[in-house]
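First comes one chain, alone, set out as structure tokens in the form predicted alone.
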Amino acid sequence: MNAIDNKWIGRRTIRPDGADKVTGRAGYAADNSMPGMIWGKVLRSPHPHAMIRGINTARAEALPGVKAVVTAKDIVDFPLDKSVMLGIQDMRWMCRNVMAREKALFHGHPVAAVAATTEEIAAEACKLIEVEYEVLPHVIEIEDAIMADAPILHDFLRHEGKPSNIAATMVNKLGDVDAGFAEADIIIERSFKTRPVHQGYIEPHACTVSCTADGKATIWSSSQGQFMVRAMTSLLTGIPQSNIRAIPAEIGGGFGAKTIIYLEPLAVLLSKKSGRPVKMVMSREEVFRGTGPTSGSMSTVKIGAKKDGTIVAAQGTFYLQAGGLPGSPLRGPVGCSFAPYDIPNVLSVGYDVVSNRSKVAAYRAPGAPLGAYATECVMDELAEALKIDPLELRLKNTARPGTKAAYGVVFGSITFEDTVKAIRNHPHYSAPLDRAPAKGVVRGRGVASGFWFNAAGESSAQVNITEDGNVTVTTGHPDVGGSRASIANVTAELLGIEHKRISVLIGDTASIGFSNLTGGSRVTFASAMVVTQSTEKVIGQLKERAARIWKIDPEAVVWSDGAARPAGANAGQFPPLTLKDLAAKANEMGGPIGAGIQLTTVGADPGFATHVVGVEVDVELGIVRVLRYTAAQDVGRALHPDYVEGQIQGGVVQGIGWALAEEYLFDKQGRLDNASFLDYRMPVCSDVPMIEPVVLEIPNPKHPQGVRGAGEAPIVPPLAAISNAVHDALGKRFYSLPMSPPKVLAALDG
């Protein structure tokens, strides 16, 4: 990490939310309680695919203790012939995801919801709802869904003029790919498969809603964006946004999956009908069955190169599972797969495929790990065939300033080469490898790189000086990855005061200006920008107050080390006026001191990462163990190094799970067969090595502190890096994930 001469920016300060979280005082969505509160429960479809011919709720409504029942007829219907977009979400699909309308599209699809005085009564009432289903043939896997005779989920979907389960396509093109391959001396083409994996957040979806007699609704929920909750709930319930207040609770993990809603509109309607506050909390099984994992994929990547390693053409075809309704993250693999490289001829095509699974949701760099898995494994094979070191192959073809990516951007400042060199020069890469340390065990090493777009967008902040001379900062984004700590560091640095004098709050929709979601690796970038501008306005006010006291021109006042000072001897000889001094005189010198900024931020440069991993394979048990992991990434400026390192380590851990263990398993009836943390195999501490982050700080010139988003790039390389390491150990390539013990043993036996 580069040495930076700052007092607070780049320091490992105490986390503002740390004490509350480790002592249990932090308030999460499921902790909320209100007088007169009742409980909501959801009835879910027992079939993966069925027409809903009728719903009779009379018996449930008659059960003592039941206060309200809602079905799809209570939710705003968005006609299918015209999209209604809110961010990246189409309300046509959202209204059918929170409650099945014409069809149940997956096992666990909500078909009704009940509110009652106890959870037990609400659950019993769900059993009394009579649903008439016409069971239809179902389809689960991509390869089955795209067959000519596959059951069609939606009659309105067409591909090449025919009814199809392909809901959409995306194409990125650069140059002439056929001409490029004609120039190649070597071409490698391979096909890959990945399974859907869940984001695995510890806190399930939960909310409490209170609707009052005057039509106002207040929502407390676990989400990555309170403004998103307000807007989507408004559209789905018909309640004006001005009548909805959304309050963000602390969030126990999201990783992109809490950028949409499931329970909030149901709870609003139940509360409105019953006249009582309603609380809803998903069980872990409901989370697995009814909320979005990320897509499984079926991909083919083809890369052509000259004998000297110059890549002349690349082609990718990516089929992604959307679940029961359209909307897989095609932009990830189609846009990111070849972006780190300067390739003159590229054709990248994505297909959005519906099948009878729960609708997918975003998962950390949505879609990008799927494309990188295929591309970076082919890059490894290409390096092997050309007898070129895999990192040298990447360096030879790295994108540079002025390189045009297939997704359309021409890169300005770009730091991919720096990440590759950081790994090439790291002892982990150059250290000798003991390939067979014990009987039945072999070891290998692999590398891979990755890219993520990074985002900016709308953000708001307010900085206020308290009467005792301390500072309260309010921003509009839920703190998922440490934004409060970073913002406290920035504010303390700019004001020149002690870090502990800064309080950072997350405002609700009624107390702060509009702010977009926490997602896309945008929040530290965007919030630091609006907080910087707000703080600079406050400093301007402080200088004006000091000038008024001293009776000099404000231009003759400077702010440094937490105090206003004369700019020089010509301005006069005055003792410094500290923040506390000026706060004490606020009322007599013009009133409260504070300023806010609302801004659509721009300038979020993309993120790059390069990883090296060492693995050990037990050839008798088929177990792959990750022994050592090193991840290099340019973060622009690490405002709070602990959190930056944590983001990198967290992304790697999730990638390890994706590569080696995690997958959704379905039975022949189309039901998820491992809907619990007991059966869904996420990594635990014993599965994870020490992960060394190599944090490169190459300041982003478009940001006042040089920040570049850091949260999503770390999950992009691990799938390919681990796959390449396993090949290095065994001499066998795996073209599907996860590389679980049965798959490894089958490959060894084969």
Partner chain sequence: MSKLHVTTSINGEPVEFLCEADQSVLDVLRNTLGLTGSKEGCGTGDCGACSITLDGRLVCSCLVLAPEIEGRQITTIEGMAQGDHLHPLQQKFLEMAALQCGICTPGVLVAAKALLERNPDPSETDVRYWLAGNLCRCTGYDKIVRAVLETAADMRGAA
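The model shown is predicted, which means the values in this text are computed figures rather than measured ones. Positions refer to the first chain, counted from 1.
The next section is about a form of this same protein that is not shown, the form predicted together with the partner chain.
S.K.: Indicate whether Asp642 is a 4.5 Å heavy atom neighbour of the partner chain in the model of the complex.
M.R.: It does: once the partner chain is placed as it appears in the model of the complex, Asp642 has a heavy atom within 4.5 Å of it.
S.K.: Verify the contact flag for Val653: yes if a non-hydrogen atom of it lies within 4.5 Å of a non-hydrogen atom of the partner chain in the model of the complex, no if not.
M.R.: Val653: contacts the partner chain in the model of the complex.
S.K.: Is Val688 one of the residues lying within 4.5 Å of the partner chain in the model of the complex, judged by heavy atom distances?
M.R.: Val688: yes, in contact with the partner chain in the model of the complex.
S.K.: Evaluate Arg357 for contact with the partner chain in the model of the complex, applying a 4.5 angstroms cut-off between non-hydrogen atoms, and reply yes or no.
M.R.: Contact with the partner chain, no.
S.K.: Though the partner chain is not shown, can you say which of Ser274, Thr474, Gln199, Gln224 has a heavy atom within 4.5 Å of it in the model of the complex?
M.R.: After the contact test, the surviving option is Gln199.
S.K.: Ok, Arg284, Lys396, Lys421, Arg671: which has a heavy atom sitting within 4.5 Å of the partner chain in the model of the complex?
M.R.: Residue within 4.5 Å of the partner: Arg284.
S.K.: Taking Gly457, Lys702 and Pro704 together, does each of them reach the partner chain in the model of the complex with some heavy atom inside 4.5 Å?
M.R.: Checked in the model of the complex: no contact with the partner chain for any of the three.
S.K.: Taking 4.5 angstroms as the heavy atom distance cut-off, pick the stretch from 60-68, 25-33, 47-55, 716-724 that is near the partner chain in the model of the complex.
M.R.: Answer to the contact question: 25-33.
S.K.: For the stretch 203-228, I need every residue with any heavy atom inside 4.5 Å of the partner chain in the model of the complex, listed N to C.
M.R.: Those in contact are Glu203, Pro204.
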